[in-house]
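Take a look at this single chain, the form predicted on its own, given in structure tokens.
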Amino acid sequence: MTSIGTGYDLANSIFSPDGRNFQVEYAVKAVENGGTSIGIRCKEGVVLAVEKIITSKLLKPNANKRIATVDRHLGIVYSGMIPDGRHFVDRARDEARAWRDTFKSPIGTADLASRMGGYMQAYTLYQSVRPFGITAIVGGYDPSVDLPVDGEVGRGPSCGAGGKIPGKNFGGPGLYMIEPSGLYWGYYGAATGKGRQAAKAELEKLDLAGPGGESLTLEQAVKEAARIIYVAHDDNKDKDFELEMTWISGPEGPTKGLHQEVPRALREEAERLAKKALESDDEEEEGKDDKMEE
């Protein structure tokens, strides 16, 4: 294996002899130092959540948002370098706006992930730039019916937002995670940041891709997201944090197809249950330790 520091890590346009791009690997390390972000996709919609580490007691509570609205039906959460994330969000908003101007319809979640994946990948090609130090989770609920757009002319394509082909359904929830290399995949549950391993283990327990995922309601997903963030934070107990959560439902759901913050009452209830579950787990572990000592 090629050792780091032999000159192959001086620019991201250089591969090492064994095919590694060290600048991208360093960007992944920057992500791993950031607060945990997760996304949960269920039948009714998508929930995004992030562990915002409080770096100063002087920071204003509930300010400095880490989850951003890109379009009415789309949101992004990210872990890693916050300035990189803010630029990424600005670019995503430009892409969503350009799509509306060109196609007279809202951009699909998969289309946005594709465009932003290509944008991040471009930053791994040139010596004059560096890779993004973030991993982003994109969540959205694509409309199942056509929505009017300002400046719309004509009838549009036969299968656009919602589609017009009899017997075919379009739209629904979507969740994608985009890595610093530009790689992106579609997920039922995604996690990134410092506590990603613990969060991923908890997400896998939910069986989101199986029959259990179909029965998970959006409110249950909110409570699970809060619990998972608290579990992931357990390895970082010495630092205080704020929990920020948003959700996106279909037109019949609580958000009416819009990306919105989870209502304060529901978020506080989810946090209360998360703390209670964490305390129960601690008590069970203490009981096991006592039995082993006996």
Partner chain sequence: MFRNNYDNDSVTFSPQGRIFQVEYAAEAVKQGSVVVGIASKTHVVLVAIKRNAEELSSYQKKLFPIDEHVGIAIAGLTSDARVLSNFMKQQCLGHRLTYGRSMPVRTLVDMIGSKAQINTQHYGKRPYGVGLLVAGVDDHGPHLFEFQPSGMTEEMVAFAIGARSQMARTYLEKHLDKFAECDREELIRHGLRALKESLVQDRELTVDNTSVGIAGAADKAGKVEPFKVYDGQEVAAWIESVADDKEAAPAGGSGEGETMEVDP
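Positions refer to the first chain, counted from 1. The structure displayed is predicted, hence computed values, not measured ones.
This protein has a second form, the form predicted in complex with the partner chain, left out of what is shown; the following refers to that one.
- Across the proposed site, Ala30, Ser56 and Ala63 without exception bring a heavy atom within 4.5 Å of the partner chain in the model of the complex.
- The shortest heavy atom separation between Lys205 and the partner chain in the model of the complex exceeds 4.5 Å.
- Heavy atoms of Gln23 reach within 4.5 Å of the partner chain in the model of the complex, making it an interface residue.
- None of the heavy atoms of Tyr188 is located within 4.5 Å of the partner chain in the model of the complex.
- Contact check for Tyr123: a non-hydrogen atom falls within 4.5 Å of the partner chain in the model of the complex.
- Note that among 81 to 89, 216 to 224, 197 to 205, 101 to 109, the stretch whose heavy atoms approach the partner chain to within 4.5 Å in the model of the complex is 81 to 89.
- For the options Gly174, Gly133, Gly117, Pro143, the residue carrying a heavy atom within 4.5 angstroms of the partner chain in the model of the complex is Gly133.
- Residues Tyr123, Gln127, Ser128, Val129 are the members of 112 to 129 with a non-hydrogen atom no more than 4.5 angstroms from the partner chain in the model of the complex.
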